[in-house]
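Laid out below as structure tokens are two forms of one and the same protein chain, each shown alone and named structure 1 and structure 2.
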Structure 1
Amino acid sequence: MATISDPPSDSFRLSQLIYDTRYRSMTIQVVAFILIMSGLVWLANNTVQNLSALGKDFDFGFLFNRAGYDINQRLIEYSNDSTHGRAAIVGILNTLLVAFLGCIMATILGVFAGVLRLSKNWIVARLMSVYVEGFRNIPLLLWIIVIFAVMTESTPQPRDFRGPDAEASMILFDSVAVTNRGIFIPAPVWGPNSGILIAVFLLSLVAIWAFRRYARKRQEATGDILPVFWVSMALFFVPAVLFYFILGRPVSLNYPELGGFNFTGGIQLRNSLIALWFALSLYTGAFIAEIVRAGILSVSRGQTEASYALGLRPNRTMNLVILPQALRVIIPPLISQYLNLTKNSSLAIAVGYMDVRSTLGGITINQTGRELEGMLLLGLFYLATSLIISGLMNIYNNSVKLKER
């Protein structure tokens, strides 16, 4: 009687790590990882030895020493008695402020310019072409300096606002002053119950998001189009205004007033911030315009003609048919433009805007002599910021891309 037994299983042999294609790639990756880490360890050890030979050590204790210098534009309390660490935080916040404002303004400019460049109106299309080509082909540094010079030289001095026959006057119901030292705007004064008002405003934003999500799902399911814009406007303004009066006007405004040689009160937006903000926005907006134009052109013209045949107007065709499909082409390069804008903000040193490059990467390094530690922290900040922006935009990209079955 014959019996059939299972074939013997192959036992693992070390030679398979080299000759077996199932394990060879893993072997190569492990060897490459070990070599890279060994190189980094050797580089770090060599750097520490060289610093020791120069009488230096690798220490971040300088962050707790007194800074001794002033920062003109800041979002948190700071004085020259504060530490270098706090000066670095002020610079980081200034960098994030100009990057945030620049990304918003560049997106608005880029979308409008990209759409209008495809306009059938010859003048409008050519004007957008001049804007795109003009800003895209001239270095950003020149635009920063030009806008800063215009803001400084073409605006009145604070003393021009003085007297009955003043040469200059405030705008927007005497609440905003545009001077050669910057723009002064009213500052909010937070009183009792202002926290409740802020909570109501945040809840309104959540309600707007929920309603827009509901409207989109209902449109996909039934085809009914809800008045999203007007409902969003009502949710944005009505609850906040009602609670503002119900809570007894908890938020007031501190208006700028001319006193001495300059305006006092309010919030001062320095010309360096405005010049950097405008230049970054206009420069990056030109690139975004080309990205938007390419995304729109990537959508088949037949879909536009089909939507017109169904009776959709051009604006609804753009919002409901073209832009949703163009976003899958627009968003990936848009992420790169946001990263470029954030990193280009380091050119702020040209107009004296105190960003993280000027504080941590400039004055702090010059005063402490900790160039290696300072540059390491500066690089880590830009790396972390870029990764966060990329991560958030990738999440948004996954939420709007076409879902295939």
Structure 2
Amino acid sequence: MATISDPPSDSFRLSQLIYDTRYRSMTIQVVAFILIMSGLVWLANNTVQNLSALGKDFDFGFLFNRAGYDINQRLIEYSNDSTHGRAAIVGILNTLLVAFLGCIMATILGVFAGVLRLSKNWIVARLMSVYVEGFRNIPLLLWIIVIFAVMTESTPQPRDFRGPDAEASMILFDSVAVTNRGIFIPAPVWGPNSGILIAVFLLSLVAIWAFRRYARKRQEATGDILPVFWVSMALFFVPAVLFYFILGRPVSLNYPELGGFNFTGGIQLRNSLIALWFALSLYTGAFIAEIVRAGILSVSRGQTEASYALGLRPNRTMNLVILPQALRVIIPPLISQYLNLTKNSSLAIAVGYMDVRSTLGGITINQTGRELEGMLLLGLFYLATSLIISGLMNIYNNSVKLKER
């Protein structure tokens, strides 16, 4: 006698779609899919109707037309005869430039502030708290505008440098001029043999890398510790300096000089770039400081005590025990701060820095009237950047996370 009856065959009833958990999830998903899709179709349909009513089409051809506007800061060749596409690339490079510079400075500031906030020195810890809370609780936009105002209002004009008893003077051995039109720094001039010098420098970098590898292998094999720092320093400086003189000083500096109404020569760092760079770095640095502090605090005190008990010195404890464990906590939020910084660089609009939003998403859109295409490309650029960075972060995260079970 069968106690378990067979499941009722082909007795599917419509109500099972709602009451039977096997089918219910399908029902919910199908309903959700239909709702979302009809919403999207509604949006697309509206867009098509609106575009046709305005007599517009959907076309990316404008990217290959003449742009006709100037960009004051460019990393690649660009003139107003270039295409809108090239203008967009100039903007993208400008965005990446300020993001790159900002990430470097924000990391340095953040690590310093985070470590100093944990300092035993009361006054330094308080100062760093003021820095962190001040920058975290005030809008970034305000900081950008304030720093831009400092750069333009509190710095001397180029004509103040003129004359025997000038009001302003250049700093760092007459090589850097801080003016309200930007900071002028010396530009390197690459002479005939400078290629060899660069090659030598690159070779010494490779040598440093190889030496560090060798030193680590040797330490693991024999326990001997080589003086890595001093050897690296020597490798870094000695060959480059030697060859600099052997090759007859191939690289010289072109100092900025006051000529006419403005400085000529050298490299001009525009106020807009500097204000954006400093503001982004200081703002993000405050967030990074908190991340670093939390990371260091997350390593339990017992780890320090254990490594002292093993006889490690404090700096070795930091390098070998605390930092590797803290970095696992620090890196993921650090990367998302880099991501935030890159996205926040779109606030360049506040100071007139020509990033991708103001070339592709600003002037190009205004001139061609292609809002839909321009904003789409702009969004895709930021989205692609974000996805690439967070994808890399996930790979890194998986490689350093604790291997459990």
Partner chain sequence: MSDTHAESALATAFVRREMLPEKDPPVAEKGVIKWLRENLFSSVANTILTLVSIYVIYWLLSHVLGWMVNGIWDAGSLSECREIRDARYGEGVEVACWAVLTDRWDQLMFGFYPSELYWRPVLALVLFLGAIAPVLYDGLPRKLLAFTAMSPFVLYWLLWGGTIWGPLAVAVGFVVGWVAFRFLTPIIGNLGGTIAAIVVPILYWFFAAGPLAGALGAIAPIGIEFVPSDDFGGFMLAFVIGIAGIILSLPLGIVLALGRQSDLFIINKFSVIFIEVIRGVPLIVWLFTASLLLNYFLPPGSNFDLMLRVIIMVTLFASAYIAEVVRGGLAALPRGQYEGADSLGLDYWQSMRLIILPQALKISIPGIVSTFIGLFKDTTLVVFIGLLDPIGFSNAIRASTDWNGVYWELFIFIGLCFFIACYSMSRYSQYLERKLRTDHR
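Counting starts at 1 with the first residue of structure 1 and goes up one by one along its sequence. Since the structure is predicted, the reported quantities are computational estimates derived from the model, not experimental observations. Rigid core: the largest C-alpha set superposing within 1.5 Å between the two forms.
Asks: I want to make sure I have the labels right. Is the form predicted alone structure 1, or is it structure 2?
Replies: Pick structure 1 here.
Asks: Using a rigid core alignment, state whether the CA of Gly134 is displaced by 2 Å or more between the two structures.
Replies: No; Gly134 is a residue whose C-alpha shifts by less than 2 Å between the two structures when the cores are overlaid.
Asks: With both forms fitted on the core, check whether the Cα of Gly195 differs by 2 Å or more between the two structures.
Replies: Gly195 C-alpha, core-superposed: shift of 2 Å or more.
Asks: Superposing on the rigid core, is the CA of Gln157 displaced by 2 Å or more between the two structures?
Replies: Gln157: C-alpha displaced by less than 2 Å between the two structures.
Asks: Fitting the two forms on their rigid core, what distance in Å separates the Cα positions of Asn394 between the two structures?
Replies: Displacement of the alpha carbon, after core fit: 4.2 Å.
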